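Before any questions on binding or motion, here is one chain by itself as structure tokens, the form predicted on its own.
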């Protein structure tokens, strides 16, 4: 008969807490910077010059068609060959930002393309500049339309942060691995970490659904 001992695992709560903190930090930076990068790339793909469109298109295709772990390894193990050595945390954030930026680019671009022509004509009649038209007329309603898809992609990237443990980033999954090796309670360790990831994903979704309409694409 299997005997569970969750107490032994929970006694390692400082390690779990540090792992949770790093996972939240990686997610916060990558969500903010990745969304900004994706929005900028979406604008470039729609309104940029031919060369810029090709460069951004190549970046999007490269990231969307290669595994995240390869992107992470390239940044952490490959860039030092070019003289650019990043810490584990910086490499993790950069990989997550680049990954989210590529997917967010296509999601935001889809939202921008559905802007009714009447809104653009109204902006022109008010003599708004191209930047004012984009930032005040086009972008807010586009973000409102694609927000659920963008939130889902941010959560996917948050869950993907577990891969960063492969370069020894002490995030949540790495904490589970270390606790498992210390206590020999693998089953209990991964059950607890699975529950934390589940609660974290639900909390993040609810937070972004609350933040979006109030602070990012508010109609006020």
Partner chain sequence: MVQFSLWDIFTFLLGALRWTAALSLIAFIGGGLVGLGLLMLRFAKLRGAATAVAWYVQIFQGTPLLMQLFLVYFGLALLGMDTSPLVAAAICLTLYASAYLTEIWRGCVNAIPKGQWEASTSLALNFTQQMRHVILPQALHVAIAPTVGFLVQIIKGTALASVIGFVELTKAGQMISNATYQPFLAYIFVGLLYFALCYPLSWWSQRLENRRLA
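Keep in mind that what you see is a predicted model, and the values were worked out from it rather than measured. Numbering follows the first chain given and starts at 1.
Just so you know, the form predicted in complex with the partner chain exists too; it's not on screen, but the next bit is about it.
Of the candidate stretches 110-118, 139-147, 67-75, 85-93, only 67-75 contains residues with a heavy atom within 4.5 Å of the partner chain in the predicted bound form. The partner is absent here, but in the predicted bound form a heavy atom of 191, alone among 32, 178, 191, 40, sits within 4.5 Å of the partner chain. Using a 4.5 Å cutoff between non-hydrogen atoms, residue 207 does not count as a contact of the partner chain in the predicted bound form. Using a 4.5 angstroms threshold between heavy atoms, residue 129 stays clear of the partner chain in the predicted bound form. Proximity of residue 44 to the partner chain in the predicted bound form: non-hydrogen atoms within 4.5 Å are absent; the residue sits far from the partner. When contacts are judged by a 4.5 Å heavy atom cut-off, residue 103 counts as touching the partner chain in the predicted bound form.
Taking the partner chain as positioned in the predicted bound form, the residues of 153-180 that bring a heavy atom within 4.5 Å of it are, in sequence order, 159, 162, 163, 166, 173, 177.
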